[in-house]
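Let's start with one chain on its own, the form predicted on its own, as structure tokens.
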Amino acid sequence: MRIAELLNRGRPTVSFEFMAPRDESEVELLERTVATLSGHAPDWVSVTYRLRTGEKTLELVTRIKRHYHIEAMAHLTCANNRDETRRILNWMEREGIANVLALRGDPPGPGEPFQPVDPALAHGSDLVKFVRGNGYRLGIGAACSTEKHPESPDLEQEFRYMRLKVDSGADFLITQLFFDNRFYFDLVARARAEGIKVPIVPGLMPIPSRRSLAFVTQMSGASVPEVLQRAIDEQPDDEGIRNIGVEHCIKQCAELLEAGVPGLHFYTFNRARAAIQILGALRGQQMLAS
């Protein structure tokens, strides 16, 4: 089933992002996380793409869909030329994958420029257009930012990128992580005012540690509210920070659900504990169906 259909059915979806393993040492942890979270009724999940282990993404997406009967979406980036991208998309359709998240991909490291393999596939919108224009019957998701990305000159540029992805054929959008719901509400309000009607799913990350927070904010440009940062600074260890992160994410989700968001998408970093706690709290408050 296309994820856009799930997002338009009238009740919020719950979804998880899993990170494709970098090597065999990460496979067991990932398998345990997938098995654990599959028991908490996700409507769909996504799996990130790494060039070096790209086949692992495709294998995992297929396995999740067949073994756990959960709609699974593969990320695809501009890390391949058109012929290789076409081969991957053909494989997806042949294996019954119904959705793809079309992304530009990350640069090699912070501050380094992104270098496309194929000039015709240099941006996420190029990949969206390629999938749509070559007749694939896949549902297409794309990413958007609620705040200025480090590579963009301003938020206006981010909005233009988002519109271009939708105009190129994206069926729905998932935001980069954010910690202040005002940014999400502002983005959605502007999108609707300018005629962008596709579902915009908030991407959420319960903070796992001080180090992880520093990394994701540097890469994404997400800001941390002053009150939250002060609470984090007062914690003596990562366990205290993790608890603060879960509590903050529960409050974010409650406000988002009250506002009628189409779904909640959790960046899990292949850990199940925080997501389980958050969903348990929301279901306990009867904000999500059990």
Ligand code: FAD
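Quick caveat: nothing in here was measured; it's all calculated off a predicted structure. Heads up: residue numbers just count along the shown sequence, starting at 1.
Although it is not shown, the form predicted in complex with the ligand is what the next lines describe.
(message) Quick check on this chain: which one of Asn99, Thr175, Ser168, Asn80 has a heavy atom within 4.5 Å of the ligand in the model of the complex?
(response) Result of the distance check: Thr175.
(request) Report the residue, out of Val216, Ala191, Ala143, Val117, that has at least one non-hydrogen atom within 4.5 angstroms of the ligand in the model of the complex. (result) Only one listed residue qualifies here, and that residue is Ala143.
(message) Since only the chain is shown here, I'm wondering whether Asp180 would be in contact with the ligand in the model of the complex (any heavy atom pair within 4.5 Å).
(response) No.
(request) Could you confirm whether Met92 comes within 4.5 Å of the ligand in the model of the complex, counting heavy atoms only? (result) It does not: once the ligand is placed as it appears in the model of the complex, Met92 has no heavy atom within 4.5 Å of it.
(request) Consider Ser152 of the chain shown here, and say whether it contacts the ligand in the model of the complex, taking contact as heavy atoms within 4.5 Å. (result) Yes - in the model of the complex, heavy atoms of Ser152 and the ligand come within 4.5 Å of each other.
(message) in the model of the complex, is there a heavy atom of the ligand that lies within 4.5 Å of any heavy atom of Gly105, even though the partner is absent here?
(response) Looking in the model of the complex, residue contacts with the ligand include Gly105, since a heavy atom lies within 4.5 Å.
(request) Work out which of the listed stretches, 206 to 214, 131 to 139, 181 to 189, 70 to 78, brings a heavy atom within 4.5 angstroms of the ligand in the model of the complex. (result) Only one stretch passes the 4.5 Å heavy-atom test: 70 to 78.
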